[in-house]
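The chain below stands alone and is given in structure tokens; this is the form predicted alone.
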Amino acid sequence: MEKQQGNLFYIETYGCQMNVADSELVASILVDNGYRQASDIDAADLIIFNTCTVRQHAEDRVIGRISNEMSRKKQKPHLKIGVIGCVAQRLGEKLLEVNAGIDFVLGVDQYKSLPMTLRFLDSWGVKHCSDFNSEQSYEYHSPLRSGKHNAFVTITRGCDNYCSYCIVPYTRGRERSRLASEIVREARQAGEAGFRDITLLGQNVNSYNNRGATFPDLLEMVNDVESIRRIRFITSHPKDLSARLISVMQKSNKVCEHIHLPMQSGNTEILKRMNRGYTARHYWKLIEKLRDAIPNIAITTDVIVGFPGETEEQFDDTMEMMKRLRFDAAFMFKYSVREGTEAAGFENEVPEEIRLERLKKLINLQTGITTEKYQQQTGLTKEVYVEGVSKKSTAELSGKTRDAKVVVFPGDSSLIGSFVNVEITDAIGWTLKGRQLSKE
């Protein structure tokens, strides 16, 4: 396609790794249709906001951000502004009504129609909103990678779990698994392009199933890809974490010793009201099985406090579970009502001040545990994948261990993109400090 006026695009991404992967996909679709990626938002003729709606705060933040950018149209009348992602999927045409400066709204499975939408805008100048009913797996389409060393590979889209607090199944649709052969092809291409560390993505990766291939099968296939060195995956659901998956993780040399396994609550009754599909006992038994099979595994989690009806005793169960399981790190949130979910209609809402108090207690507990676990790394030798220069000092490099910990150490920028053995000498917050021993 010939170079055209107004073809520089810029994508601003909010939310989870799935949104990052989707932005890479959208960038690829645009480049394939003659558009070019702008170096910054000021140079763009097309601005796309890829949005997150998992919590009300995230949605409010991105809507405010979009509104603040509308003044750009006064300086650049031909500028087009679009909204994609989960907020677009959830609010649809309401976004056009709330903000007259938005030119188009596309949901999470309409990205292939973006070039046609833009041509329609160029020809007719009419705002566009998709029908939000299609479902795509985006097979045979390689994303335009935004990272330099780590690649995201989407293996599933959508979710069938319908946790009572979660909006994702209503914005991302039902679960679909991509072809295993396509996933392996994309992983191989990423490795050949220099991405040695890949992350398999899905709302629930371990429920992957396509033509009889399960997630353990897929992990074994990707582990055989010669061009990559490390494999990660996120997010796992406890109810689908099988004995075979644990065995494959143990035996596969490229699968990293880390799992993110959301617990959400340490109380079985609350888990039932959340529609999580497992008990507190089942969860801690899974943690025991993981640590028995992979003693050096790092385990991180998600926890929600103040779920409707949560008593002080039920919150105490969560605190006790955190003390017992000693996660390497945790993402902790107070319950946020999401319109359209089952829990939005639950009674006995926990007062905001109590939710905040419980969250503070949980954060203080986990901060102490994380600090202790990181300090225990001192004296160990860790394999670090060097990803860049440290944010605090140009004389230091930063990278990640196989168990997903950030390490900073003195070194030359020529090491970026390589694997280095580093002796851990100190732990400062959630960062390990070290000195280089050898380059592999």
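Note that the coordinates shown come from a computational prediction; the quantities given were computed from them, not determined experimentally. Numbering starts at 1 and follows the sequence shown.
Only in words, not in the display: the form predicted in complex with a small molecule, which the text now covers.
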property	result
Partner proximity in the predicted complex: Thr214 to the small molecule, non-hydrogen atom cutoff 4.5 Å	no
The small molecule contact at Tyr111 in the predicted complex, heavy atom, 4.5 Å	no
Non-hydrogen atom contact Ile66 with the small molecule in the predicted complex at 4.5 angstroms	no
Partner proximity in the predicted complex: Val408 to the small molecule, non-hydrogen atom cutoff 4.5 Å	no
Contact test, all of Cys166, Gln264 and Tyr335, partner the small molecule in the predicted complex, heavy atom 4.5 Å	yes
One stretch from 87-95, 176-184, 336-344, 320-328 that, in the predicted complex, holds residues within 4.5 Å of the small molecule by heavy atom	336-344
Interface residue in the predicted complex among Glu349, Asp316, Asp302, Asp122, criterion: non-hydrogen atom within 4.5 angstroms of the small molecule	Asp302
Val62, Val54, Leu30, Ile48 - the one with a heavy atom within 4.5 Å of the small molecule in the predicted complex	Val54
